[in-house]
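The data below hold one chain only, encoded as structure tokens and taken in the form predicted on its own.
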Amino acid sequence: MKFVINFNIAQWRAWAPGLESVDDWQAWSRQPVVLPASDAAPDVSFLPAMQRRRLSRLARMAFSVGWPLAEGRPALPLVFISRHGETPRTFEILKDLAADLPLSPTQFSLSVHNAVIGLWSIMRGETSEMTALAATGDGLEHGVLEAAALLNEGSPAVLLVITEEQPPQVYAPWVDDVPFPYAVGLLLTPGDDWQLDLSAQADHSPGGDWPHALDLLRTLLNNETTCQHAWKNRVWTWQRNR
């Protein structure tokens, strides 16, 4: 199995605790390190206070990278990706269940995987097609496939947002692929500046040192022309053509 898709990355945004500007990310990309634990959250002061209060940090991260990319585009399909989703919120719900406490309908409704795109649609008045994906280690690439399909159907641009929250410590034995909270937003448009190939291999390939979205960010910032991500029996090759 092998196929190829082409697209442009028109703009990008990223956020992590202490990494907000392009210069911040440029410095990190040259010497990537695991960031210290932090409760910092991105600035979403562009939203009314009543709306901000409902947003978890994961949602704030998604809005902080996606909102600037969506400005001036009244109709913009969205592909939202998160492997683990709202783990802090769902863990609090599980603790309430274990303690026989009444559950908050609001907390539950905001813990589901498509809550972020629902909030995005409401706050932006956006009615374009939106998809929430929960994929494995190559969720970024599956999101790009979804975005490429929307571009192929005639969308002039598609917003892709991938974000992961730091799970509660109790999940540490099972969740080891979130070095720190992060969000990356990509504005994808038709074109052939970038090429993404998928090929299959028989042998299992270990994952890289960083989540695919952060590794792609390093590729962008370091002006590299290619990067390769292997997950299980899938090998994804990103190629910059110009």
Partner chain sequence: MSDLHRDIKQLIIEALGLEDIGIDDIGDHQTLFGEGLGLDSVDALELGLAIQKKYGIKIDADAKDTRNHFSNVASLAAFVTAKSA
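As the structure is a computational prediction, the values presented were derived from the model and not from experiment. Numbering follows the first chain given and starts at 1.
Keep in mind the form predicted in complex with its partner chain is missing from the figure; the text below concerns it.
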If you check in the predicted bound form, is A49 within 4.5 Å of its partner chain, heavy atoms only?
yes
Examine T127 and determine whether its closest non-hydrogen atom to its partner chain in the predicted bound form is within 4.5 angstroms.
no
Residue-level contact is defined here as any heavy atom of the residue lying within 4.5 Å of its partner chain in the predicted bound form; does G154 satisfy this criterion?
no
Decide whether G72 counts as a contact residue for its partner chain in the predicted bound form under a heavy atom distance cut-off of 4.5 Å.
no
Only one of 184-192, 54-62, 170-178, 23-31 has heavy atoms within 4.5 Å of its partner chain in the predicted bound form; I'd like to know which.
54-62
